[in-house]
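Single chain ahead, written as structure tokens, the form predicted on its own.
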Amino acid sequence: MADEKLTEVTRVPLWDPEQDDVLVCRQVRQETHDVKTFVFSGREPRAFRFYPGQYMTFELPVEGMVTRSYTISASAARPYRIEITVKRVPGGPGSNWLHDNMMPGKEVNVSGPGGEFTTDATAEEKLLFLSAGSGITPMMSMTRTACDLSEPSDLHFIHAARSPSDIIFRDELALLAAQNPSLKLAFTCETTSASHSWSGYTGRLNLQMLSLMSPDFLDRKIFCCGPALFMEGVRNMLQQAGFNMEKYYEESFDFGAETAGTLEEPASAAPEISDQIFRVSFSKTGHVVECGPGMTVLSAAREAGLLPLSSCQRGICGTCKSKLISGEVDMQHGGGIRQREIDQGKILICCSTPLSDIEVEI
């Protein structure tokens, strides 16, 4: 009987992102007061293939439809489910919809996985993970995977949080560290309170603190993820210490930002591919603009005074997906659109430059 069950498990088909684009929520876990983990699987049993640290893009029924990319926090060694861990962002349409509406049995359309922020923590090399806030999710996927497959070779994991109650996965990380002696943990919290006993580090991560947490950090390969200001501070700190930045890798959460239609700086133009100027027509608004050499459709839309939904500007998140009614574009995307969507005439306007006069459904 056991052999028969094992045979059935080995027959579970692989997840095909070109065919299977629906996940079913199986469980919701409250991690902290404003962070939840959502567990998904296929409608039918499917085995997922992804690298720890990769993300998936979710289509959420908010204000019509929005897309948001969330890092997979699950272990890649447990292939039958996908987990994302999401912090509720005040005013954020995607995170608030998930927190308020997603529950076991609900279905959601997805694409992916994508992303190149990954490493093998079981390899014979010394690693240091630095994370803050929700930036812990790719590090958790890498750590869970390493602990599932074997023991991490030599891993220091440092996480920064607002307070002890805001440390995501705190208990699980403590358990993993107890079971895996080569995994060393350290936390620092900006603030503490009398209601929470805390004997760890307090304050923002600095060079002196880092030297105590990971004395040989200069010899390690470093992976960093968190808010932009946190990562900027880490880079400055490491450069000050004389760290070899060729061994530094980071993942920005900007592509999953909960804001849309606004931009602090103008979008950078794509590499110049010709000196020809093309007309870009937007069918819904009636705007027509000229698109200069190398300018993206998103840049042209903004010049027309439009504020289409956009986020990453790197062809990763899929937020700016639009219908190309006529004409041709050169689209250099980073995985934020499926081939069948391209076949249906859809483009990502943030990474598409016109090759002719075009009309876009915006």
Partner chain sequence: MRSPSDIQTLINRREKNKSLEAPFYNSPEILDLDIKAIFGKHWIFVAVDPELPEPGDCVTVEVGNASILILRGDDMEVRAFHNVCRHRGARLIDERATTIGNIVCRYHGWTYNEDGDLILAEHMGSGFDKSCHGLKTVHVRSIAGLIFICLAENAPADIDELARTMEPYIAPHDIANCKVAHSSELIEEGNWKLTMENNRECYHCEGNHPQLTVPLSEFGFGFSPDELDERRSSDVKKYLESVERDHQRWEACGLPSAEEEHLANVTGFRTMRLPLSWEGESHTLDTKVASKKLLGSFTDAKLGGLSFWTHPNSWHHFMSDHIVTFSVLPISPNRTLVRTTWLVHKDAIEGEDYSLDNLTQVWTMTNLQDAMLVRLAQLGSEQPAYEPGPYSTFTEPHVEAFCDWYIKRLQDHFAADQAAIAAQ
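Numbering follows the first chain given and starts at 1. Computed from a predicted model, the values in this text were never measured in an experiment. C-alpha atoms forming the largest set that superposes within 1.5 Å between two forms make up the rigid core.
FYI, the form predicted in complex with the partner chain isn't displayed, but the following is about it.
Every residue in the set S311, I337 and R340 has a non-hydrogen atom no more than 4.5 Å from the partner chain in the predicted bound form. Of the candidate stretches 31 to 39, 63 to 71, 313 to 321, 289 to 297, only 313 to 321 has residues whose heavy atoms lie within 4.5 Å of the partner chain in the predicted bound form.
After superposing the rigid core, the Cα of R46 is displaced by less than 2 Å between the shown form and the other one. With the core superposed, R26 shows a C-alpha displacement below 2 Å between the shown form and the other one. Between G336 and E44, the C-alpha separation grows by 3 Å or more in the predicted bound form, relative to the conformation displayed. Relative to this conformation, an increase of 3 Å or more in the Cα-Cα distance between M231 and S310 is found in the predicted bound form.
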